[in-house]
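Only one chain is given next, in structure tokens, and it is the form predicted alone.
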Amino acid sequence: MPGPILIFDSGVGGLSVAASIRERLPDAALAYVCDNAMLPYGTKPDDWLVARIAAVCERAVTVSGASALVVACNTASTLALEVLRARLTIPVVGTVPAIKPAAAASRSGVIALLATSATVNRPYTKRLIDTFAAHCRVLRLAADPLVGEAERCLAGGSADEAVIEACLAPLWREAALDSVVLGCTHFPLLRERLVAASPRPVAWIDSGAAIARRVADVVTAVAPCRAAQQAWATAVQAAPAAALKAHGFPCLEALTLPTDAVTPAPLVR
């Protein structure tokens, strides 16, 4: 029997992608894994992260019996997709910022990428902009604090409106800006709050629907949806457990990794 579609993220931001996949494939079983023991990924060196991501995903695919893996994390996708596809025998779908649709939809030719520092500064992101948005002016804005706000809101807390407004403030200096790419899977979870904090209307564009379409294209067989869908975390904590339960993953278990995958990561300085 085929297994579920497994969604991977460093935290619970991938729940925004899970929602898009559920909308596209309502009868498919989903599973979720987060490497929250090492959150945030943006402070870790690239080589260490590639090894870590591979270890977590390989183990999660084994224990879940997944039919496909969705890497619902921009940082992980830009670093580890090739390694994952080489090591796994199931389809692997990645996440990239929605630069292409935003550039195509913009009337003014001025768009922004709102993402984490790691995504904003990667050569991969520059290549996306050069390839699909060369005719646009693209503001790249790091908004790392929004990750914590999304995690807190998903766990039942309240967002700090001052933090959100401060993260968005540089956008409004661009009078012609008409489209903002949500380049982190956590950010669509704050969409209503982002809209409320905006002094003028802009289009907020994320990758969720495109990822769901790609999953539907590559997954030929998947387990049918069950009432209780499984999730794993590298650190079982109350906050992610509450967020996952509220979004249809009530069964959270600890993901046990090989010893060489749990060594502390040095910080990027």
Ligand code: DGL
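Throughout, we count residues from 1 along the sequence that is shown. For the two forms, the rigid core is made up of the largest set of C-alpha atoms that agree within 1.5 Å on superposition. Keep in mind that this is a model prediction, so the values were computed, not measured.
A second form of this protein, the form predicted together with this ligand, is not displayed here; the remarks below concern that form.
- The chain is drawn here without this ligand; in the predicted bound form, the stretch among 127-135, 72-80, 168-176, 194-202 whose residues come within 4.5 Å of it by any heavy atom is 72-80.
- Among residues of the shown chain, Ala28 is not one whose heavy atoms approach this ligand to within 4.5 Å in the predicted bound form.
- Interface membership of Leu39, defined by any non-hydrogen atom within 4.5 Å of this ligand in the predicted bound form, is confirmed.
- In the predicted bound form, none of the heavy atoms of Ile111 sits within 4.5 Å of a heavy atom of this ligand.
- In the predicted bound form, no heavy atom of Val93 sits within 4.5 Å of this ligand.
- Annotation for Gly42: C-alpha shift of 2 angstroms or more between this form and the one not shown, rigid core superposed.
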